[in-house]
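First, one chain by itself in structure tokens, the form predicted alone.
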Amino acid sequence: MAQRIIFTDSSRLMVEAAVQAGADVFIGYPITPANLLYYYSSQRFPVFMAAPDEITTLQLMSGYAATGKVPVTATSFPGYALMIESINMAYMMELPMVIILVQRLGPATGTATMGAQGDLNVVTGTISGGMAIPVISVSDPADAWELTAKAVEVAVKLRTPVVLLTSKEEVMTQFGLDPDELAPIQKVERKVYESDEPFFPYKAGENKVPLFLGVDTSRHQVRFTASTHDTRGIIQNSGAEALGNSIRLHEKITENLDSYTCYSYDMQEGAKALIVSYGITAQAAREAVAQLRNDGESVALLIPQTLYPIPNLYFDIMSRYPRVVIAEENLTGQYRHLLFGVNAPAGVTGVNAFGKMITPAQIKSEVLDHGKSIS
């Protein structure tokens, strides 16, 4: 059968994947470089709402989520900064939603027409108290399709906000694609409380996740509470049950990590160096690996897609190599610091850039120059 090639971009793939996975509401405030996600969503989602600002966006998403809908939005750093308080609210209320964060360059409003990978620290530090929020990163069109669906699944199954991290170059670059090569997406079905017994909205169920019941039900009283609360949703300050409930919010994310750990690991026999990269820079890393191998160098590649919480598997893989090169398009090496702290162990180095994309040649140079000491 002949190929059917279409000309598209990852924004369209992400929107279509989210809808097929069961997301049914898009609420957003237009912001560069997430504009295409906003535009395509206005055409594709069953319900689309144009919010007056980012704070209102998250409040509306929370309202829809409380009725059983699965909302999605797309923004960049300035918008995400405004959303953080409401993301914490949704996290505490255990409301599923997906926030697509399209990174742009620099602090404040930054440079809206330039991409980067500079928002990882703010995303992993979103929840007060350092509690974990799932952060998933796309690195190519296949990821844009499959990992968007995965983000919807995680949001629903764990009853939590999920951040889908991407960048301007990933969502606005057009490419040819055979749609028949895209894997089928199954709609995520939500389990709801069906018993006639009294309903406790925050009573831990399977995998420490409470069963859901929307505020539109007439069978039981339903509470959604953003302050510290007990299993009934009653506000409490420091009772053991209430504090334990808040701890559970973190544990349901970390203890179910295996169910949403996604990564790509391209190993090679005899390799002493491992390149680690994510997002848009992973494309340069793939090319660097291909060139190094073509030149007779043995090198392996790890592309983390679940960035946070950090799976222990990543550390196991990295421990196999005396040299680890972490490439990411930000000034300070945010993922390197997240993995190893500010004082990385011997053998771990980074390739970083600000204001320009990292090239395969830069990654190759780091591997070859610093690899001489272990050859």
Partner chain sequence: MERVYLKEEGLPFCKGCGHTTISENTDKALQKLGIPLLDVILVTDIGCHGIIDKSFKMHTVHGLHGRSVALATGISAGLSNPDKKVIVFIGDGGVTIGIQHLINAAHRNFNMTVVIHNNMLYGMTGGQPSEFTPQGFKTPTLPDGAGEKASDICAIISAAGASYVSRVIGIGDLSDHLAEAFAKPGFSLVEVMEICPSYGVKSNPGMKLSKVVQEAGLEIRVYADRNIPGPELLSESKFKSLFTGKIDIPVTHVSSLKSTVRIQVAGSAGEGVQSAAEYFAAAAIASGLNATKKGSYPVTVGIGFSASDVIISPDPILYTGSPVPDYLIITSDDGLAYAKGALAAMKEGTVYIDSSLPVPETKASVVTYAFREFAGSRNAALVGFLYLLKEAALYPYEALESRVAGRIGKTIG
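Positions refer to the first chain, counted from 1. A quick note: this is a predicted structure, and the numbers were derived from the prediction, not measured.
The same protein also exists as the form predicted together with its partner chain; that form is not shown, yet it is the one meant from here on.
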| property | result |
| --- | --- |
| Complete contact of Thr124, Ser277 and Ser298 with its partner chain in the model of the complex (any heavy atom, 4.5 Å) | no |
| Contacting member of Tyr321, Tyr335, Tyr40, Tyr308, with respect to its partner chain in the model of the complex [4.5 Å, heavy atom] | Tyr40 |
| Cys262, Met131, Leu211, Leu182 - the one with a heavy atom within 4.5 Å of its partner chain in the model of the complex | Leu182 |
| Its partner chain contact in the model of the complex: Gln283, any heavy atom under 4.5 Å | yes |
| 4.5 angstroms heavy atom contact with its partner chain in the model of the complex for Met93 | yes |
| In the model of the complex, Met267 touching its partner chain (heavy atom, 4.5 Å) | no |
| In the model of the complex, Ala50 touching its partner chain (heavy atom, 4.5 Å) | yes |
| Interface stretch in the model of the complex with its partner chain - options 246-254, 81-89, 189-197, 155-163, non-hydrogen atom within 4.5 Å | 81-89 |
| Neighbours of its partner chain in the model of the complex among 204-226 [non-hydrogen atom within 4.5 angstroms] | Val215, Asp216, Thr217, Ser218, Arg219, His220, Gln221, Val222, Arg223, Phe224, Thr225, Ala226 |
